[in-house]
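Below sits a lone chain in structure tokens, taken as the form predicted alone.
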Amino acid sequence: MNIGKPIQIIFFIILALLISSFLLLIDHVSPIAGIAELISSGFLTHYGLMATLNDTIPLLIVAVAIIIPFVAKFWNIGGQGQYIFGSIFATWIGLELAGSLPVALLITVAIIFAFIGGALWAIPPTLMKIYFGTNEIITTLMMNFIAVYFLDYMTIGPMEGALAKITHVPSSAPIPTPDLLPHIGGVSTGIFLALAIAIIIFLLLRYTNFGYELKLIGSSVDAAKYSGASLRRDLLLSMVLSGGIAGIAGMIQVFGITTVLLPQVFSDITTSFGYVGIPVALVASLNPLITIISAFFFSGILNGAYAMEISFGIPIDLVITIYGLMMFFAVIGVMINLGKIFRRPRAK
């Protein structure tokens, strides 16, 4: 990542803050007080920092997962569905085996099942792309909708918990406390797994033949074919890894934060890690290590924005708007090359 890109990102984030300030003024909130609350509650207070770190974990894992096929310009927009199926598989195995296995072994098995669940959900759109040329943006996106409604069915049907039947609030039974991921200082130990995944995928893409072939496919399909790369194998493997890792994020969220399987709401940005992970990965220029910083930053901005809602009574829609502005302009800062965008075309 060259020096120009961080400067561009900072410039556009400041621009987003200026627009957010105008929106706060319309709602009769001091922009200085509002932005100070956003930064303080997202990054500087103990409670806010712990919440930010916990939100960073699934967001980081999903963003890193999305990077793998993105490198080959295979646009996996289905991270949300893969995340959901990973959480379903992990919760099911966790409830079935709770108390019958040592905690470390149960968590390991849950991670494996989460990987399988996410990977299985990633395979159909990949095969459709490979064999029929179907647009993967459409198919992976549509798979998200199926996953969301299937999760709704599971939380009010086969996996509905006893408490949910009484309260009529959809959820599974809770994972028993002894089988949950432990916390250190209020932060789920899943953070270590998230960091390990980011480092491993960075090394995989940077130093392996598989990573080289994915980059070659992304640069030129013809060059990749000429070099002997197997496009079908590489794309399928990249999506299996992507979906599986996104599934692990779902397991970490259940075993580390929520303790129960909850339905997803399309409009709830706090549970839409598969969607939010896309701009997080783009802001990091598809670099898994820089994604650590990107995920942490946007998790802090989200928590700070929600704190603004509580402190100043601003509408939730404005909170989400401010968060969206931050993401939108940060991505602009990475993707726009001002010299290329505004360069005058040569006369023919």
Partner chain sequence: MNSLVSILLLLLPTVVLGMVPRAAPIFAAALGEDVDQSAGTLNLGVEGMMLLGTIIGFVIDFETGDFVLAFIVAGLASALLALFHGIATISFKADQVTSGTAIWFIGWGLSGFIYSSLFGKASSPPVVKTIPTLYIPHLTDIPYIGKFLFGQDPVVYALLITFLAVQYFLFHTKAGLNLRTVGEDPLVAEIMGVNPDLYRYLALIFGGFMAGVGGAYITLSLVGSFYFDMTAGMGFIAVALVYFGKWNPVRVLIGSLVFGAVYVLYLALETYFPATPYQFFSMFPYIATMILIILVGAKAHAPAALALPYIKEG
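Positions refer to the first chain, counted from 1. Nothing here was measured: the structure is a model prediction, and the numbers come from that model.
Another form exists, predicted together with the partner chain; not displayed. Remarks below refer to it.
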**Study point:** Among the candidates 175, 143, 181, 224, the residue which, in the model of the complex, approaches the partner chain to within 4.5 Å (heavy atoms)
**Key:** 143
Exercise for review: Would you kindly say which of 95, 156, 187, 236 lies with a heavy atom within 4.5 Å of the partner chain in the model of the complex?
Suggested key: 156
Review point. Is there any non-hydrogen atom of residue 160 lying within 4.5 Å of the partner chain in the model of the complex?
Key: no
Review point. Does the partner chain get within 4.5 angstroms of any non-hydrogen atom of residue 200 in the model of the complex?
Key: no
Review point. Residue 40 near the partner chain in the model of the complex, any heavy atom under 4.5 Å?
Key: no
Review point. Going by a heavy atom distance of 4.5 Å, is residue 314 a contact of the partner chain in the model of the complex?
Key: yes
Check your understanding: For the chain shown here without its partner, which stretch in 214-222, 256-264, 274-282, 105-113 has non-hydrogen atoms within 4.5 angstroms of the partner chain in the model of the complex?
Key -> 274-282
Review point. In the model of the complex, which residues of 126-142 put a heavy atom within 4.5 Å of the partner chain?
Key: 128, 132, 133, 134, 135, 137, 138, 139, 141, 142
Review point. Closer or farther: how do the CA atoms of residue 326 and residue 37 lie in the model of the complex, compared with the form shown, if the change is at least 3 Å?
Key: farther
Revision key, fill the gap. Against the displayed form, residue 37 vs residue 327 by Cα, in the model of the complex, with 3 angstroms or more change: pair is farther
